[in-house]
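Just one chain follows, in the form predicted on its own, and it is written as structure tokens.
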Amino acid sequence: MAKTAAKVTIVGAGFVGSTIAYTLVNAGTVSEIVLVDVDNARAEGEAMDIEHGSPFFKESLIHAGDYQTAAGSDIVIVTAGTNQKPGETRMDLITRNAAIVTDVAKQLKETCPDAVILVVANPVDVMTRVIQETTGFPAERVIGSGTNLDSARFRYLLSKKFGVDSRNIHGYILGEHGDSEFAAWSNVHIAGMNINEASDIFGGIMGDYDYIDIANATKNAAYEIINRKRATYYGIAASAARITEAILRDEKSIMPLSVKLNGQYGLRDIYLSLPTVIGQHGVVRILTPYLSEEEEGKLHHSAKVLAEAYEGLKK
């Protein structure tokens, strides 16, 4: 059953957190938003700035607060952490952000024991695992934004190639939200046609170079944006807001999210992105669509990269 009066807390009121808040208010998705940040003045300023536009939006209470204020939240979105700088990979953030999200997790364990936790902080797969293992919450209630945005970028690029509305293209980027992610070409469909059939119909002929170019352009999109404007926040805000909406409305929508595997493709106890059915209490079901032998090998490579990154935190 959809929530009619939902409360969402956003931990981290920087560019990403505040843009998520603005997107949620603009969409009229929630009734109350709490912004929590170590810089409380920043959180207050962001809340005030958004609140002053309230006559133009659907009514929603937004205010700064602390972890006690967050109590009773249906969803907590964790964006806290340091930003990726030009020339850095998401993995370069791992040590400093792990310390931050560990502290966040300890606070949430005490004040928001029943919330669904949506992790956006990078590297998101590892940070999601850190939060789940620190809180001890059921893995179904601790999910990462994963490759949801990457998959949107992928569909956008395919829409330009084929001249078709991106909403009518189905395709996923899977694995790590990072350098080992991969395009699951075997699952791309346009109006029920696979990529080869669509190429014949729409004239967007896919040569070997196109497969490589589109996959690389998707993977490198964040780097390109960061090199130009120092940060990315609009795309991930739209992604996080959409995930939040699907949870609160108990939609049973399917999205590629970072979830804890329990045997899928022979993998366990690792967070990475697979198509996932989500509802009001988080993960409903993790799906295992057909992957080619090459794609399954890439998935296992992603899992190895992420497992090694997580183990490296313990040293």
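Position 1 is the first residue in the sequence shown; the rest follow in order. All values derive from a computational prediction rather than experimental measurement.
The same protein has a further form, the form predicted together with nicotinamide-adenine-dinucleotide (NAD), not shown here; the description that follows concerns it.
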**Asked** Pick from D103, E133, D92, E245: which has a non-hydrogen atom within 4.5 Å of nicotinamide-adenine-dinucleotide (NAD) in the predicted bound form?
**Response** D103
**Prompt:** Tell me which of 212-220, 141-149, 194-202, 154-162 has residues with heavy atoms within 4.5 angstroms of nicotinamide-adenine-dinucleotide (NAD) in the predicted bound form?
**Reply:** 141-149
**Asked** Hey, in the predicted bound form, is S180 touching nicotinamide-adenine-dinucleotide (NAD), heavy atoms inside 4.5 Å?
**Response** no
**Asked** Can any non-hydrogen atom of T82 be found within 4.5 angstroms of nicotinamide-adenine-dinucleotide (NAD) in the predicted bound form?
**Response** yes
**Prompt:** Taking the shortest heavy atom distance, is N122 within 4.5 Å of nicotinamide-adenine-dinucleotide (NAD) in the predicted bound form?
**Reply:** yes
**Asked** Any chance A231 has a heavy atom within 4.5 Å of nicotinamide-adenine-dinucleotide (NAD) in the predicted bound form?
**Response** yes
